[in-house]
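Next up: a single chain in structure tokens, the form predicted alone.
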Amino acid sequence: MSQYITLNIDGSDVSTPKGSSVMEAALRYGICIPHLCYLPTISESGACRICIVENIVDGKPVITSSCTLVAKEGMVIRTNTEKIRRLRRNIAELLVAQAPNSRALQDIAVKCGVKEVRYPFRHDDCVLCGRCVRVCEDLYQARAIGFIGRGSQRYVGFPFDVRPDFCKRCWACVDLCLMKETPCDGPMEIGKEYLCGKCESTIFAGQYDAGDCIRCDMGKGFGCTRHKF
């Protein structure tokens, strides 16, 4: 039988099984914390940093990713402060500038309130979120792909860039990739990139309570765990 602990998220007391993350506790109660790299039942990585929250420790806010933060009894969490919203906007803006041809990143940028992209656009085909690597290792126990290299030279690939015999060809890595779906009007040309924003109207209700999950169409491009397809 699961033991439950109680924590406070945005002024409300919520109960969650002991060992749950703050992200899991919030989603259980319909409290929307924007996220990209998070996947239920798969190990957390905190790679995208979109899900950052303020963990109040001794009266002071400590900013950390909610998917890697284990919920504890009496913990006080703030998911939607002005500082958190500002930081999320900047992170989302950087991500969409890095890979503008990802519907997932375009969606999350709108969800986080990005109105313009101030950074130079690039056309990377991977943002190193690690979803593919973790599902291959954790769910399918294959470890057919992984991170190779370091820093700006890091990428996801097969060992020695050769598909191993133990690759199960399940294509879960492709299904969960943030780059699998292009923006509404299709791939953007180099030099003609822009912030799509066509889905902004689907979250207009959330403007009054940005922390509330309204189960909108945002998230189709990356399989948002709160979205009902």
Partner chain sequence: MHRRITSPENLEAVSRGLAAERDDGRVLMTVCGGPGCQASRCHDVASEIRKQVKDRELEKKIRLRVTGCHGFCEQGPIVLVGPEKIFYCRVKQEDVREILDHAANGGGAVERLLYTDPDTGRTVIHEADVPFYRAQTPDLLLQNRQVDPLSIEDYLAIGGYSALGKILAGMEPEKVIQEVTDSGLRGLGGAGFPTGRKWAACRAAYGEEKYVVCNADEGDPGAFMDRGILEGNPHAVIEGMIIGAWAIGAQEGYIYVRNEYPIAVEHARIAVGQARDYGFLGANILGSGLDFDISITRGAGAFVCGESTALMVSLEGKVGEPRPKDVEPVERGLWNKPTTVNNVETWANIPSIIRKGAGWFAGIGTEKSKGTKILALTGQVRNTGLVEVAFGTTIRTIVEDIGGGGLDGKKIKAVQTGGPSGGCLPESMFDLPVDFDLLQEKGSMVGSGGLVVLDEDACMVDVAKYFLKFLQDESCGKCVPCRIGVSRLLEIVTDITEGRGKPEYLDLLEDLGETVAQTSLCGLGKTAPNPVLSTLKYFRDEYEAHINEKRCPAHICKALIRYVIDPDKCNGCMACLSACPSGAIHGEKKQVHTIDTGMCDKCGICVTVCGRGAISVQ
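Just so it is clear, the structure is predicted and the values come from calculations on it, not from any experiment. Residue numbers count along the first chain shown, from 1.
Keep in mind that the form predicted together with its partner chain is not shown, yet the notes after this line are about it.
Exercise for the section: Would you mind picking out the stretch of 161-169, 66-74, 182-190, 27-35 that comes within 4.5 angstroms of its partner chain in the model of the complex, counting non-hydrogen atoms? Expected result: That would be stretch 66-74.
Handout entry: Contact of Leu128 with its partner chain in the model of the complex (heavy atom, 4.5 Å)
Key = Leu128: contacts its partner chain in the model of the complex.
Practice task
State yes or no: in the model of the complex, is some non-hydrogen atom of Ala109 no more than 4.5 angstroms from a non-hydrogen atom of its partner chain?
Solution key: No.
Problem - Exercise: Gln98 in contact with its partner chain in the model of the complex, heavy atom 4.5 Å - result: Yes, Gln98 is a contact residue.
Exercise for the section: Answer for Tyr140 alone: is it within 4.5 Å of its partner chain in the model of the complex, judged on heavy atom distances? Expected result: Result no; Tyr140 lies far from its partner chain in the model of the complex.
Exercise for the section: Any residue of 70-98 with a heavy atom within 4.5 Å of its partner chain in the model of the complex counts; write them all down in order. Expected result: Contacts from 70-98: Lys83, Arg86, Leu87, Asn90, Ile91, Leu94, Leu95, Ala97, Gln98.
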